[in-house]
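Alright, here's a single protein chain in two forms, structure 1 and structure 2, each given by itself as structure tokens.
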Structure 1
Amino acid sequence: MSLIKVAGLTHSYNEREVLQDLNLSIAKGEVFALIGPTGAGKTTLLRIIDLLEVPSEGDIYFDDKRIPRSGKQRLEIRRRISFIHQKPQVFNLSVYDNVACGLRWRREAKNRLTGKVDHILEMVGLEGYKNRNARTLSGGEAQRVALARSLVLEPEVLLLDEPTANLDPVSTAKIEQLISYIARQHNTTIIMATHDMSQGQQLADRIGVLLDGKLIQIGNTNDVFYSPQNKEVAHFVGMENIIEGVITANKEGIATANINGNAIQAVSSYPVGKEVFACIRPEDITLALSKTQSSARNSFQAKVTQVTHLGPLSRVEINCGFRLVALVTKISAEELNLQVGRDVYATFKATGVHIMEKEINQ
């Protein structure tokens, strides 16, 4: 049963439509990640779910009950939801008082308040900071104060808007560990907006891709990152190899696609004659200096056209009658002496190829 449901939701600002006919159900205890570029409408959707804004059209349901567009019931439901914004807000008070303020507003008994605040500060790793002024904290520490202030109220739903934006890697890891812990131990329903796709993959049960105000695809990590529904989603989730072709054979679910006179084999039910895109993730391509014995159905002789080092990884562009991008470790790139003009063999499995129909407007 869904805890939160969005039905036919559309929203506009000054006649500019920022969300278009969204439908979404989120189960109790689920971690749901909204991914999309800046300006896609992620924050607006969170604000509407938090009842800070009323949608132009459509409805929000909480526990299967439609939320009215005004009135006392909205305030009652809002008390069951906490929203942590991209830039954490902290008051010019001690860490302890920042975390305690919500409980004081709700007139929590002092003896219970102290125990709750101490427990939450320990949970977020700030027990030694309780007397520090929150305005003197680092960005990551301030984000943990904001989390603690929300969690001490024991919300049923936690909304997170870019929870690690502009944080250093160490602070990011701490926040992600906290989110994971909250989801596991407290069964809190979490909806997080992020442009960090690896974060969505790591933390979420399901992912929704929001592009230009439309929820284009919803599914688990494999659905979204390895089986995108269209070219737009494929581009956004890092499917760099999107190659146009046509199905020339299909035998027992193994399809052959003609790509500029080259044949790529993939697991697909599309019939002969269907115009398609063959999509291969760069990390699913193996590079070698000679053709090796392998169960992989796709192997092409190629020439390296560009090598870009990205920290511990190397992005390698090759030409094998069509352009491919492979992602290998920097150590492998050095061992293979990958450089422009180098001859290599590119290999990938049929199961590593996602075939999607080429739509007319694509």
Structure 2
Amino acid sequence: MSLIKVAGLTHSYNEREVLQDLNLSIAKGEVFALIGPTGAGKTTLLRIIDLLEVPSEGDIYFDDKRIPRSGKQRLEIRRRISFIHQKPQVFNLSVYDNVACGLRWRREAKNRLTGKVDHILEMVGLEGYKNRNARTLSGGEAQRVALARSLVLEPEVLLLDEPTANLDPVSTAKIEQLISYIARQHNTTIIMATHDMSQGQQLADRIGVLLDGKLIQIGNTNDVFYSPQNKEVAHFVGMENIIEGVITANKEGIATANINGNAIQAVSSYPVGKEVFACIRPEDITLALSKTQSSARNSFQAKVTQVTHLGPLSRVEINCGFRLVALVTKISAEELNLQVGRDVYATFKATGVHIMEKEINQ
């Protein structure tokens, strides 16, 4: 049984469709990440689920009951949901009053209210700020007030819109910990929008990829990351190597794809003659100086064409008859003395290659 269901949902702003025919079911206790680039419509979808906005077409179901487009019932349901907006907006009141207001609006008894507010302020580390006007807080502190203000309500559903978009790495880690704590400890259903795929991968049970107002793919984390449904999703989830080719053989589920005259082996059931894309994550490619003995089916001699250092990792572009990007640790890049013009062997497994159908319109 699903807690929240979105059925045939379409939404337009000024006659422009920003969400198109979305269908989505979210189970109780599930952590669902909505990933997609800026402008994809993530915020709009969250606003509609929070019943802040009425969709142009389609319906939202809560506990399998259709939510009316207007009326008092919307408030009742909204009170079971908490939505933490992307830009935290604190009220021009004390920190304590900011956190207490949701409970007051629900007519919580005063003695219980005080206990809950104090407890949550401690949890987010703001117990010393009770009487400060919330407008005088820093960005990170305001974010924590916004979080406390929602969590104190012990919502059944928590909606998070890019919860760590403007935070430093330490604060980001704290918030991520808090999110997974809430999901585990309170069995809260969480829907979070993020443009950070790794965050989705880390925290979510399932992922929905929203591109240009359309839910292109919904699946568990591995499905989306290792078997993207089309080139756009593949691109978005960090499949940097997307190479065109044709299937030339298929033996017991191991297909051979001809890429620019080179044969790549991959796990795929596509028949001979199919035009496809072969997708390889850069971190799944290993580089070595000599042809190593390994069970990996794909090994190519290549020349390094570019090396970029990204903190602890190095991004290495190579040419092995076709262009590939590999991601190796900086230490191994140094050990292998990877420089432009260097000869290397690139190796990757047949399971590391995701083959997808080349769409007609691409």
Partner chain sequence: MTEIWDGLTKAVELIISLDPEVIEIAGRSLRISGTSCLLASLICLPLGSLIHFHHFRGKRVLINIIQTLFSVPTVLVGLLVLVLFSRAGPLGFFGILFEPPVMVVGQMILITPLMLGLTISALSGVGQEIVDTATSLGASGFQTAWLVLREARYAVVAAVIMGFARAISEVGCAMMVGGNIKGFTRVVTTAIALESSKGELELAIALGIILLFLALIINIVLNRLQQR
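Values in this document were obtained by computation on a predicted structure and should not be read as measured data. So that the term is clear: the rigid core is the largest set of C-alpha atoms that superpose within 1.5 Å between two forms. Numbering runs along the sequence of structure 1, starting at 1.
Between the two chain copies, the one drawn from the form predicted in complex with the partner chain is structure 2. Hinge location among 202, 69, 119, 154 for the rigid parts moving between the two structures, by C-alpha fit switching from one part to the other: 154. Between the two rigid parts, the smaller one rotates 13° against the larger between the two structures, as C-alpha superposition shows.
Once the core of the two forms is superposed, the Cα of residue 97 has moved 3.0 Å between the two structures. A C-alpha shift of 4.5 Å is found for residue 132 between the two structures, based on superposition of the rigid core.
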